[in-house]
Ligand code: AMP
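One chain comes next, on its own, written out as structure tokens in the form predicted on its own.
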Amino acid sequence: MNILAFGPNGSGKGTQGAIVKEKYGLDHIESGAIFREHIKGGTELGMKAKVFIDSGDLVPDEITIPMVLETLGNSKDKGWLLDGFPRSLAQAEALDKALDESGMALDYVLEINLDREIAKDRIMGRRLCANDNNHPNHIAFDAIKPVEKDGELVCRVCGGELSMRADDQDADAINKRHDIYYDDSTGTVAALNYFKNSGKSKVISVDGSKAIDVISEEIMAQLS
């Protein structure tokens, strides 16, 4: 089973992706994690990507596409859920072509809808776990609030150290990311519509403002 997940930053697509991964044994391929691995490793591509990520800009295709397609190829036999790519119409076209050439079918397109202002508030309140970025921690939501230990907030799931991405606290950077996502001409919504209109995959659309468990139930009910 291969799934392509869409949703604005703050919509919870990473959290839902982790749940689907656990249920079906898929590889959860998240473009941000690929970037972070390259940045942490000090690779040339990673350093180039970091400049764009820190400013809230879209990482150019010549950096992103090789990273993602190599990772997809490594997960061809197991099945995957791809989150965070494509982010533009051009990337969607490149991915569609690459999937056709490799013989990999895209079974589902998952769309998590969320109002832009709600998404912004969620981004500014989220915290990242050092052990697993998909462990949900958010200071504004009781259901996923971090827990306190020795006077510090730690991950509610595993007790790991929490941090904030610098660009999560930068309103201008958030707006740039959302400008890219909500752009239905050449941006991420245009990429989403490309795959929705292709007729090659089943489309699952859910309301991202609902509770995590409710969204999960709606997604699982439509996956087979």
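From a predicted model like this one, the values you see are computed outputs, not experimental measurements. Numbering starts at 1 and follows the sequence shown.
Another form, the form predicted in complex with adenosine monophosphate, is not on view; read the next lines as being about it.
*Asks:* Sort through Leu192, Leu162, Ile29, Ile53 and report the residue having a heavy atom within 4.5 Å of adenosine monophosphate in the model of the complex.
*Replies:* Flagged contact: Ile53.
*Asks:* Pick from Glu62, Asp184, Asp57, Glu37: which has a non-hydrogen atom within 4.5 Å of adenosine monophosphate in the model of the complex?
*Replies:* Flagged contact: Asp57.
*Asks:* Where, among 40-48, 152-160, 165-173, 195-203, do residues come within 4.5 Å of adenosine monophosphate in the model of the complex by heavy atom distance?
*Replies:* The contacting stretch is 165-173.
*Asks:* If we define contact as a non-hydrogen atom of the residue within 4.5 angstroms of the partner, is His138 a contact of adenosine monophosphate in the model of the complex?
*Replies:* So His138 does not count as contacting adenosine monophosphate.
*Asks:* Any of the heavy atoms of Gln91 lying within 4.5 Å of adenosine monophosphate in the model of the complex?
*Replies:* Yes, Gln91 is a contact residue.
*Asks:* Just checking whether Pro146 would be counted as a contact of adenosine monophosphate in the model of the complex - the rule being heavy atoms within 4.5 angstroms.
*Replies:* No, Pro146 sits far enough from adenosine monophosphate in the model of the complex that none of its heavy atoms falls within 4.5 Å.
*Asks:* How about Asn9: is it within 4.5 Å of adenosine monophosphate in the model of the complex, going by heavy atoms?
*Replies:* Because a heavy atom of Asn9 falls inside 4.5 Å of adenosine monophosphate in the model of the complex, the answer is yes.
*Asks:* Thinking of Arg116, Lys120 and Gly208 as one candidate spot, does adenosine monophosphate come within 4.5 Å of a heavy atom in every one of them in the model of the complex?
*Replies:* No.
*Asks:* Enumerate the residues of 81-107 that have a non-hydrogen atom within 4.5 Å of adenosine monophosphate in the model of the complex, in sequence order, or give none.
*Replies:* In sequence order, Gly84, Phe85, Arg87, Gln91 come within 4.5 Å of the partner.
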